[in-house]
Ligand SMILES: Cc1cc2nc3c(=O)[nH]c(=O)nc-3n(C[C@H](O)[C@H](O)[C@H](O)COP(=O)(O)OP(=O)(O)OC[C@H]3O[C@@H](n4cnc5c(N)ncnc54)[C@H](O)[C@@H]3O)c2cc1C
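As structure tokens, one chain now follows by itself in the form predicted alone.
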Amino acid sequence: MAEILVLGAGPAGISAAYHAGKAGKETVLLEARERYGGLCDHFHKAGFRFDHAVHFAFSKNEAYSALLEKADLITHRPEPYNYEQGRWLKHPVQNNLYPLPTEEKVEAIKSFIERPAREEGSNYRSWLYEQFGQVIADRYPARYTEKYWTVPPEDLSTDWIGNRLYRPSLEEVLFGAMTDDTPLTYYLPELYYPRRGGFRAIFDPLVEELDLRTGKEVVRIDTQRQVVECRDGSKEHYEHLVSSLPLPEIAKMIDNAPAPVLEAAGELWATAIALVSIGLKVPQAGDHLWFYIYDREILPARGHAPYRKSPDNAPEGCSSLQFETYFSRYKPLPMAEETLLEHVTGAAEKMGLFKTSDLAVTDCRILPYANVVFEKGMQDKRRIILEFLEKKGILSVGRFGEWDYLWTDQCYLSGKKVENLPCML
């Protein structure tokens, strides 16, 4: 019997198992896949390494910073760009309008000056109008919302925003409309990425110390007998249970979960990613580390260059790109994976990122969980499930365990909450 049983070997699950073991507790970590890392994992194809979407390391907390200090990291200056209608604009767009035609800049600035006053309880579209004016809001962040979150911004609350969107002054908007020599206003001054081994390498030293059992897909949880059953027929007994599994999934695994909990679980939803990865037999693809795409006719919301994150991600003399197309129950993927691959490679060539003759390898795969969607009323449904899990003695951690928009460092801290279990105090 494990003193502490942890479900799901993503960053939060790894952190929970590591900190429990560090405290001297007999800990077992179960992972449904044959690999650990979750969304922070990667895959290989013909000598190219591709992460599960774009990832960089950063932290404003001491615990995760201490973990990063032990890793061999490359430092990147965050200089993302934005693509729209054949133009490349610096990020964030709202204070980097310089490439636009004069009449469009005037219209955007006038709208910014006339933006409405802040109202309490507004939805995300109203919030965007209040921050940037209607012209900038509708043309850029609102359009990106439909591609990234798969719903119109008026369907979202504003709980998740934090410091993710830069809010410029009028002086900054005017300056960025007159020159492209603008200062960096990204919310982080530096980003980091492992020199070797992909993003997951940050967690490799922790995993080496764990009793990690892969291929263990949990299908049933008996909280009375304190037993977890896996699809392969194996069972694990526990004294304390920690889960980083998605709330809609774990609610259905627990014996005799009440109807309100199952109903709330059925109403929670997240986006999924159709991930197109491209390896190229030329040393350079495009000019940017990562970028956002606003054109509606181009399906991906954003792309990045894995080879720029680290040369270890591509064979010598080669380059690589990766594109993320988001979809959900409210916005299904409009085409088959093979057709999407053709669409993305064609769009990328039109964007000037590479030529079709440069292609060395392509891949398209689906990641079922990407981002928790903060639709209005979501927090109440989340609370119902989390309170139920707490009553059953289950500590739920991580992006999908807390059902929150957590970055990797926040997931690591979420797993560290295992230290607050009664048996650890």
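Throughout, we count residues from 1 along the sequence that is shown. In this text, all values refer to a predicted model and were calculated from it rather than measured experimentally.
This protein has a second form, the form predicted together with this ligand, left out of what is shown; the following refers to that one.
J.: With the cut-off set at 4.5 Å between non-hydrogen atoms, does V361 touch this ligand in the predicted bound form?
T.: Contact with this ligand, no.
J.: Taking this ligand as it sits in the predicted bound form, is W127 near enough to touch it, meaning that at least one heavy atom pair lies within 4.5 angstroms?
T.: No, W127 is distant from the partner.
J.: Hey, in the predicted bound form, is L406 touching this ligand, heavy atoms inside 4.5 Å?
T.: Flag for L406 set to yes.
J.: Give a yes/no on whether A16 approaches this ligand to within 4.5 Å in the predicted bound form, heavy atoms considered.
T.: Looking in the predicted bound form, residue contacts with this ligand do not include A16, since no heavy atom lies within 4.5 Å.
J.: For the interface check, one of 65 to 73, 376 to 384, 50 to 58, 353 to 361 should have non-hydrogen atoms within 4.5 Å of this ligand in the predicted bound form; which one?
T.: Of the stretches listed, the one contacting the partner is 50 to 58.
J.: Check for me: heavy atom within 4.5 Å of this ligand in the predicted bound form, for each of K216, S244 and N371, yes or no.
T.: All three within 4.5 Å in the predicted bound form.
J.: With this ligand left out of view, choose which of L212, L289, I273, A201 has a non-hydrogen atom within 4.5 angstroms of it in the predicted bound form.
T.: Selected option: I273.
J.: Within 4.5 Å of this ligand in the predicted bound form, which residues of 31 to 69 have a heavy atom? Give them in sequence order, or say none.
T.: Result: E31, A32, R33, G37, G38, L39, C40, A53, V54, H55, F56, F58.
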